[in-house]
Structures are given as C-alpha cells and as structure tokens.
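Below: one protein chain in two forms, given as structure tokens, structure 1 then structure 2.
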Structure 1
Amino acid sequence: MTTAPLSRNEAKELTRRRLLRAALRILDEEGEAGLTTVKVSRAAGIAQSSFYVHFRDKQDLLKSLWHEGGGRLLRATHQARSLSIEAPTDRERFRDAFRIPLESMCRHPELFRISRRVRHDPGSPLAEFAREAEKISRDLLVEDLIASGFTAGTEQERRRVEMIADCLGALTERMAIGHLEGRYPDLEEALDVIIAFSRGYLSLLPRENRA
C-alpha cells in the first residue's frame, strides 16, 4: 500500500478521467436519458456541483468523450484495415480486411454501441459527430474499393460503390452486435459469413479488373 503523492493537477486529471469513464458506462448501460450530472458525479466520487469544475455542461462532457475515445478508435481501425484490403487476391489479407474492423468494434463495446445508437437519434448532441464518423468511414471504404478495381466515373457508378461500402459496413456491424450479445461467440464463423456475402459484391467488379 504505497500512498501516491498526487499533485493538484494530477488529482484533477484523475477525477476528470473518472468522470469520463463513468459517463461511458452510464451512457452504455442506461442510455442518454440516464446520463445526469448527479449520476456521473456520484459514480466518480465527487459532488454534483464539482462536475462543472471539469466540464462546462453535459454537452461538453459528451464532446470530450467523443474526441478522446470515438475519434481515435475510428482512425485506428481504418488505418490498420486499409493496409490489407489493397490486395484482394490474397485470401488471408482479404479476410483480415474484415477481421480488423470487426475485432476493433468488439474490443470497444461501449463506444461501438453508443456511437451506433446515437447515430440516428436527432435529440442527441453526439448525433452529428457519429454521422460524420460514419461518412468518413464509408468514404474511406469507397476509396479502398476504387483502389481495388471498382470504377466511379458516372454518378450511378459512384452511388453503386457507396452502396457496396455501406453494405459492407452494415454486415460488419451486425455481426459485431450479434457477437457482443453472445449469439455469435465465434468471430471466425461470423467472418465466414461476411466473406461469403462479399463474394457476391465482387461480382459487381468490372470484368476487366477482376484478378
């Protein structure tokens, strides 16, 4: 039992992190309606009024939660993934391109569930962020698809590639949800199914670009 001699700044930073952690848990377990300054503060071990020492208001807390959690997750996922989608001929790499985001979602269940839930909730201050993240995610996937042979010259072609990216995202998310709910305990089984569906979209590749 060593007594840590915390400086005032360190102590403040610690309670700030406690508040963010508590907010993440409450948001995940009880939804946005359950997130109050009273609950977060109590969970972090400070008085309700002290909440405002760390955040201007609840929206400020949510913003911080997003920028210090959600944003990083998104970028890390896509950085790792785009490395492996570039060679769709290689079976293992192709599989990795789906495994990486799937595992990333499952490794951060709270953030994943919250950002999913918030995305289409017009009353949520996080909605805008989550939708922007979704768009970025889709756009990155579109780039990858174009790099792997899809054409997006006409409006219609562009839409089609976006739809494919959208569908790939939907498949991955749905399998992640099933896994987190305990219905699909084996991620490799889920990957098998995603890959099978993806064989289908490959049929939309222009013939001359197929490997």
Structure 2
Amino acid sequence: MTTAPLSRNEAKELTRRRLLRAALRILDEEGEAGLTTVKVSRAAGIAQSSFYVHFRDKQDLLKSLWHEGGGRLLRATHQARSLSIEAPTDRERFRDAFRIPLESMCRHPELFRISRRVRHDPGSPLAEFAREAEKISRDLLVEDLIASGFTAGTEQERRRVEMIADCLGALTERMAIGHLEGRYPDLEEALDVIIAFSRGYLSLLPRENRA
C-alpha cells in the first residue's frame, strides 16, 4: 500500500509543526537562552533559511507556541468547566476544571515563565500579545463563571465576577510557581488549596444556584 505524496501546503504545515515541536523541546531542556533560530532549525532537521518561511524571528515563533498551546488549553479548560457545571456534585469533574490549567503551566515551565515576564515588560515586543492572551483567558473564565450561576446583569455584578476570575488566575499561577520552585512538590496538594479557596467565591453564588 503506497502513501500519497503530501501536497505543498501539507508539507509546509508539517515542517512548521516540526519547528514548533523542536522549539518547545529546546525551551524545556535549555531554557530561553538556548532558543535560537539555528538550534531550532537544526533540531527540526531543516535548513535555517527555511525557518524564515514559517516565522519572522524568535519572537514570532514564541507567539505561535503560545497561540497554539493556549488555544488547546482554553478549549480543554472550558470543556472541563462545562462538564463540572453539568454535574456540580461530581468531585473529579470539579477538580479537573482547576487541575487542567495548573498542570499546563507546569508542563512547559519556561514558556510559562516567559509569558509572565513579558506581559509586565512594556519594552518587550511580546508584551501586548501576552497581555491580550491573558485577557482572552480571563474573559472566558468570566463567561464560564456566569454560566455556572453567577449573575452579571449590572456593572457591579459583572465587576464582582471579574474580580473572582482575577483572583483565581493569580492563585493558580502562584501555586504553579511554588511547584516549579520546589516549595510545593505535590501538585495535588496545591490543587487542594485552590479548591479550598474556591469554596469562598462559590459562597457568593445566588442561593438558588448553589449545588
């Protein structure tokens, strides 16, 4: 059985995927200092000149890593929250809604650290992109909280939900940082703390919407 040859677009996409996988592997193993176009091209098994067919520079490569990885994370997290809303008494579904973003931050720590650093660095060419990615994630969490029963019909109610989303995002990041620094070696224990804090904001739900 013969395999049909790849079309030009398919071959181009395959090369792009190889570059992204190589870049992520280098980040995981060597950190940001090891991420150069030469190393990425060599690790992907392509000529360096071909790198620039797919990405303008290293910053553009990082944007693509965040865009694709972040998109997958948002979809997975949103699905987990939706399943948790459908079955509010299912303990594991509830934990998954918090576990997925926490584990994602810890899976590729260097990418996580870079994203945190550049969004607070006005001089970084990636700052605006990183802040926009953070906003998209926060806005989706706000909508998921509203779907779970929080009201947002007034400006004050909407602001309250946004505060909850900001607190949850910051707490998840701090637990991830503590895990990566070795202070919180047990990720499930860190997850327990996030869930314990969640009981506080869940008490703000309208009484008729509480599980």
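Nothing here was measured: the structure is a model prediction, and the numbers come from that model. Just so we're on the same page, residue numbers count up from 1 along structure 1's sequence. We call the rigid core whatever largest set of C-alpha positions still superposes within 1.5 Å between the two forms.
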Matching structure (the form predicted on its own), either 1 or 2
2
Align both forms on the core first, then report whether residue 170 has a C-alpha shift of 2 Å or more between structures 1 and 2.
no
Any chance the CA of residue 20 moves 2 angstroms or more between structures 1 and 2, core superposed?
yes
2 Å or more on the CA of residue 43 between structures 1 and 2, with the rigid core superposed, yes or no?
yes
Shift in Å of the residue 63 Cα between structures 1 and 2 [rigid core superposition]
4.7
